[in-house]
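Shown next as structure tokens: one chain only, the form predicted alone.
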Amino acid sequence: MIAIVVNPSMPITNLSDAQIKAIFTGKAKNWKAFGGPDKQIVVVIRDQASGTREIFDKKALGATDTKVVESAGSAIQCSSNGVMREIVGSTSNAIGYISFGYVNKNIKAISFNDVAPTVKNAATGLYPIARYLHLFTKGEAKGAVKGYIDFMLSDKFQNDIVAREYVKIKDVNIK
């Protein structure tokens, strides 16, 4: 799941898809238009090679394989979720997006179209900016590869590692 995040001091708690598109494409430039302070919006995006950016562009901005959505020309590009968290957390008028597992007290995750970015909302398909992570094999998995996949799907790994910050595979209920 990818959460839209702002600095904790920002009073904004929800943005619609139209508002997100306006902000991230540079059409909207001031938080006042959305009920925030009279401050310039600082847009922070991931770099072109980021899978997080690819999913955000598709699911939040409407990009497709043949339609690219241009980001705001003044957007700050960063190379990782950690850098995104640092920039948004230290810039009072910033907005960005981050893998849900990286959300902490230094940034505030906001709702998208009145749906909060929660594990439950992602698992049921209600929160739309989410994705599956895949493992691929050439043919049927065997040996160490099968052992690795079995470990990744084990209750121990799912409960001790995945559940801390992501959606456990058995909790995914998207039809």
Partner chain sequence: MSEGPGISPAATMRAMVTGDRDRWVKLLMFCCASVSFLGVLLIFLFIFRESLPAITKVGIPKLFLSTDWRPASGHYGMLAFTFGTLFTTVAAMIIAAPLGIGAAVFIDQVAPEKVGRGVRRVIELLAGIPSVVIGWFALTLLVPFIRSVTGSSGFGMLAASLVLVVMSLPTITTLSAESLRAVPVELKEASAAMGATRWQSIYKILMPSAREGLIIAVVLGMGRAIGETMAVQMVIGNASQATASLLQPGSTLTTRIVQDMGEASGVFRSALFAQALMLLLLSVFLIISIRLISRERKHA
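Positions refer to the first chain, counted from 1. Note that the structure is predicted; figures quoted are calculated from it, not measured.
There is another form of the same protein, the form predicted in complex with its partner chain; it is not shown, and what comes next is about it.
Colleague: With a 4.5 Å heavy atom cut-off, would you call residue 137 a contact of its partner chain in the predicted complex?
Modeller: Residue 137: no, not in contact with its partner chain in the predicted complex.
Colleague: Hey, in the predicted complex, is residue 118 touching its partner chain, heavy atoms inside 4.5 Å?
Modeller: No - in the predicted complex, heavy atoms of residue 118 and its partner chain never come within 4.5 Å of each other.
Colleague: Going by a heavy atom distance of 4.5 Å, is residue 133 a contact of its partner chain in the predicted complex?
Modeller: Because no heavy atom of residue 133 falls inside 4.5 Å of its partner chain in the predicted complex, the answer is no.
Colleague: Residue 104 versus its partner chain, in the predicted complex: is there a non-hydrogen atom within 4.5 Å?
Modeller: Close contact is absent here: in the predicted complex, residue 104 is far from its partner chain, nothing within 4.5 Å, heavy atoms only.
Colleague: Just one of 28, 110, 60, 42 has a heavy atom within 4.5 angstroms of its partner chain in the predicted complex, so which one?
Modeller: So the residue touching its partner chain in the predicted complex, by this definition, is 42.
Colleague: Within 4.5 Å, heavy atoms only, one stretch in 43-51, 122-130, 30-38, 143-151 touches its partner chain in the predicted complex. Which?
Modeller: It is 43-51 that comes within 4.5 Å of the partner.
Colleague: Would you give me the residues of 84-113 that have any heavy atom within 4.5 Å of its partner chain in the predicted complex, in order from first to last?
Modeller: Contacts from 84-113: 86, 87, 90, 91, 93.
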